[in-house]
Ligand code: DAT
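Below you will find one chain, with nothing else, as structure tokens; this is the form predicted alone, and questions on how it binds or moves follow later.
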């Protein structure tokens, strides 16, 4: 079984979309191994988004992800990473396919409602940052 980190970001939490988004994941048949509401501090946010450290949007990304609570999950299943990425849609909600979460719930490239790991290496790193090494 493949595992991934999936997260409902602060904008979607603030708009009361957690239940609706979690329900999508349950209907899709993912096993929710862990689910927790958290608030990222600056150090954890920087560790989580370390891959973007040298990009011009890093500071605003850190400010955004620490602006409110997130709901983080470890999802497991067959081809979980690919399937979750398809359900989320493109990073830019305006470019995301109809019916995807980002198209439906996203407000902008930064405030795009959800996050999902993009590879097994990213998933392992992100799960460790968010939930601690297991």
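If you're wondering where the values come from, they're calculated on a predicted model, not measured in any experiment. Numbering follows the first chain given and starts at 1.
What comes next is about the form predicted in complex with 2'-deoxyadenosine-5'-diphosphate, which does not appear here.
### Message
Contact with 2'-deoxyadenosine-5'-diphosphate in the predicted complex for residue 76, defined as at least one heavy atom pair within 4.5 Å: yes or no?
### Response
Contact check for residue 76: no, nothing within 4.5 Å of 2'-deoxyadenosine-5'-diphosphate in the predicted complex.
### Task
Look up in the predicted complex whether residue 109 has a non-hydrogen atom within 4.5 angstroms of 2'-deoxyadenosine-5'-diphosphate, and give yes or no.
It does: once 2'-deoxyadenosine-5'-diphosphate is placed as it appears in the predicted complex, residue 109 has a heavy atom within 4.5 Å of it.
### Message
Taking any heavy atom pair closer than or equal to 4.5 Å as contact, tell me whether residue 42 reaches 2'-deoxyadenosine-5'-diphosphate in the predicted complex.
### Response
Taking the distances in the predicted complex, the answer for residue 42 is no, it never comes within 4.5 Å of 2'-deoxyadenosine-5'-diphosphate.
### Contact of residue 53 with 2'-deoxyadenosine-5'-diphosphate in the predicted complex (heavy atom, 4.5 Å)
Answer no; every heavy atom of residue 53 is more than 4.5 Å from 2'-deoxyadenosine-5'-diphosphate in the predicted complex.
### Query
Going through 34-50 from first to last, which residues have a non-hydrogen atom within 4.5 Å of 2'-deoxyadenosine-5'-diphosphate in the predicted complex?
Heavy-atom contacts within 4.5 Å come from 49 alone.
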